[in-house]
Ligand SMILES: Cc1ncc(COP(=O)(O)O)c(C=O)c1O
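A single chain comes next, written as structure tokens; it is the form predicted alone.
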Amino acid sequence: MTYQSFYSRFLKANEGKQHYACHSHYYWPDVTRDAVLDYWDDSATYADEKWGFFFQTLVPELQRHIARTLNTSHPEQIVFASNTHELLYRILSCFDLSAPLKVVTTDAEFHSFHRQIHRLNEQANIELISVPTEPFDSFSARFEQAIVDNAPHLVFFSQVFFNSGYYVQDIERIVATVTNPERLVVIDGYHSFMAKPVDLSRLESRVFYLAGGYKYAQGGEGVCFAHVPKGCSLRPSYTGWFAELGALDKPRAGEVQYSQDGMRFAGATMDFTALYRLRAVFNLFEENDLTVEAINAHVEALQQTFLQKLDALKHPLLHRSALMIDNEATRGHFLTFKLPNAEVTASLAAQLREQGILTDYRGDRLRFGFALYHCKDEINLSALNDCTG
């Protein structure tokens, strides 16, 4: 089946381009345009009553879609925000940031987390243990050992690392290493959600899971979420009025109250346009029986076609020996090539852009992402012969 008809507006607007930066910004399906108009119409219809309407209809529907995708049994534990950084800092605000705080993470986390945790690490009471992701074949063992050796208050890691595409398969074993139930585990799932099949059924009472709509969920920016462990009673100090919606904690005189589900990690007033877009995408996929497993199979087939065509070119820079993750079982939805240096990488990316091949790069790593709107027959790498970095 071809899925290009879902994306006719974006494809028409970018005709003549090969868009391999979808791991950064996925094209939006056409249904998201109607969703924006639906949001406006509902806002006009319900006016001052719209918040009640949103939280009675839109939010529960999206929570159910996400819970099914993650294979969790408590949709009410899903909470929304405009970005994952907001949710991250709300989790961090459960700690006394003036007291000793030990964090185990990796050297390959998304920029906002990297920036935030290193800023906090400037405080004398914060201890940061950053485990290198490479070599990948020993990453999990080394990460688990760092958890055992340091007994951290917080463990934070990605399921798919943004700067390599390495897919961490044994997340359950890593989480099991954190034996103290008072310690927090946060998984950044932004590059795995709606790309790789995710099953949190055995982890749903233990981990926070962060993701959103900007990348593979195809809903665009402004709609992110956290799965909050069932029964969590933490009290974020960074909090807003949404966190009071629903059933509250047992009242205590002079104490701020929180919802008893995932909404305890909610913030305040936000634009719900993006939630409408994301719901439209979920509904589109449901109507077409399009599962994450099918999406993943489509992308894996595209990656193999791309690599076969690349093999035939014998390009001096882009070849399998420069590919960071050659095993598709441990690879996300993008191919990452490690080039000689950042300057060569930037130059090659610029040359590719001039040829209508849109990629994405970080430092010395050039990334090619694949999407539903790609077809194997339309992968054309002949222009690479004129791009040498």
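In this text, residue numbers run from 1 along the sequence as written. Here the structure is a predicted model, which is why all the values come from computation and not from measurement.
Not pictured, yet referred to below: the form predicted together with this ligand.
Proximity to this ligand in the predicted complex, defined as a heavy atom within 4.5 Å, singles out one entry of H85, H74, H114, R142, which is H85. Note on the partner interface in the predicted complex: the residue among F208, F162, F193, F272 having a heavy atom within 4.5 angstroms of this ligand is F162.
In summary, the region of this chain contacting this ligand in the predicted complex, judged by heavy atoms within 4.5 Å and restricted to 104 to 112, 286 to 294, 195 to 203, 311 to 319, corresponds to 104 to 112. Although the partner is absent here, K215 lies within 4.5 Å of this ligand in the predicted complex, judged by heavy atoms. In the predicted complex, at least one heavy atom of C224 sits within 4.5 Å of a heavy atom of this ligand.
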